[in-house]
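Here's a solo chain for you in structure tokens, the form predicted alone.
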């Protein structure tokens, strides 16, 4: 297991070549530091209260619902508009113009006049315009397989079957969750400064998804009562916890990881620090080993329960489940003292990357007292500084030392730049085109960092041969097209992590690895690739319910599984 020098806190961190490898990032699983876990811990610790303020639906379940979310410091409102949608209009694609539910998370009270304003704007989504009191805009569609059968079961006085819950795992699936100043909403800096409850990355977006989950329970129960007032029952807590919120994510998420390298580097740093702190326990107790074994066993069952359409990921889940079971059996059978580094080395010898990532999540899960505080350091000031007085020779050494991975690609090879990224005119969403085949190459987005660094390096070598060992300022004055690149690489070279070490222009690039990396930090599970360009997944499955937000509520829902002995 490769290691780097100790960080400021002592433990050794893995080198960027390991931690920032795209395939490894694309095989991650959620941890205790994932944003959903961090949010629900805060909600329980601080006793957030969620109450219904307005709930007016018709016989089809269409109408408006408003929930008040009270924290010790503030109160927010989740405003949802349910629509009677023709099933033919139900689509996960970003070009859709109608959805089963549209919603916003906003600051302050929502009276009748405010509801009318939101009712005009929220259902329009990207075409609407909100105000700075709104923090998040989202929309979702019903699961065509799940929603109606849950309503039917409840109307008949029965709980939905465990097999049905396993098959899908949610009632609604989001197709977009917008924040950070889009469409007139409050920007991130304002949220961070004035709403400490939501000052962690994507906390507002995750809260909106949590509330969509809560609404989905209340809506199916409402429709069941309307269908059969005499026999209808409510979802029992076990069934509720078994249901999360689905999500469909496409290329729109991918550029974020490239355009915010300091932030992503900070996320990776905290995760790697968490793992390093755990590995620093050279004599783990039997109780700690038992805890890791429990999580491994649950993870293996979780992966075995996942039902998805993609055959390759299904095969991977089956293989990973078997390898995790093998790791669990091996660890449980060891009778002599065993340190975690030895366990990691055993996993690297006997299991694929995906199973290794499960082990990492299990190790982090077992040490809340060592790792949970790291969740408070997941933000960073994204300030990229040019060092104008740096000598050209030092800049050259910096590139060759920190960006040797980018220089290793041969961009004269035809497949090395086989694709290009562009933004669609219709929805302003990222797209992937085949170079030399698809139109739009002249509008290429700057996501080919490896090629950019290699070209900058080549230009710098030529310039220094002509001009001598001049300063960086002289280089960028003569070659202003490299100013942004130089500023970025000088800044990132001072951090342990940041740049994802991959050529994103390669013909065989897997953008889905970028999506899964970010989604794992969000806390999602059950990755279901629909192609190499987009993925379905599940959020908040197994999470505490709105009525369970109390100190001491079990923060133990990693790798959620459905109990086969649950009542049905």
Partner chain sequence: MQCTPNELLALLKRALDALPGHRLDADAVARNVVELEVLGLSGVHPSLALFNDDRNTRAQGPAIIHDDGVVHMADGSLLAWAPQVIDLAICQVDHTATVTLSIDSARDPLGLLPELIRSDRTRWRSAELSWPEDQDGHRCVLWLEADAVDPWLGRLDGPMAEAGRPKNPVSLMLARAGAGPALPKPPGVRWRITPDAFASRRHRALIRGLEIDDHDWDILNRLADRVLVESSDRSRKGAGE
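Positions refer to the first chain, counted from 1. Predicted model only: the values in this text are computed from it and were never measured.
The following text describes the form predicted together with its partner chain, which does not appear among the structures shown.
Segments offered: 67-75, 159-167, 473-481, 272-280. Contacting its partner chain in the predicted bound form at heavy atom distances within 4.5 Å is 473-481.
If you check its partner chain in the predicted bound form, you find no heavy atom from any of 338, 498 and 549 within 4.5 Å. A heavy atom within 4.5 Å of its partner chain in the predicted bound form is found for exactly one of 240, 423, 319, 200: 423. Checked against its partner chain in the predicted bound form, the residues 119, 352, 413, 437 give one hit for a heavy atom within 4.5 Å, which is 437. With a 4.5 Å cutoff on heavy atoms, residue 180 counts as touching its partner chain in the predicted bound form. Shown alone here, residue 124 lies farther than 4.5 Å from its partner chain in the predicted bound form, counting heavy atoms only.
Shown alone here, residue 534 lies within 4.5 Å of its partner chain in the predicted bound form, counting heavy atoms only. Heavy atoms of residue 401 never reach within 4.5 Å of its partner chain in the predicted bound form, leaving it off the interface.
In the predicted bound form, no residue of 60-82 lies within 4.5 Å of its partner chain by any heavy atom.
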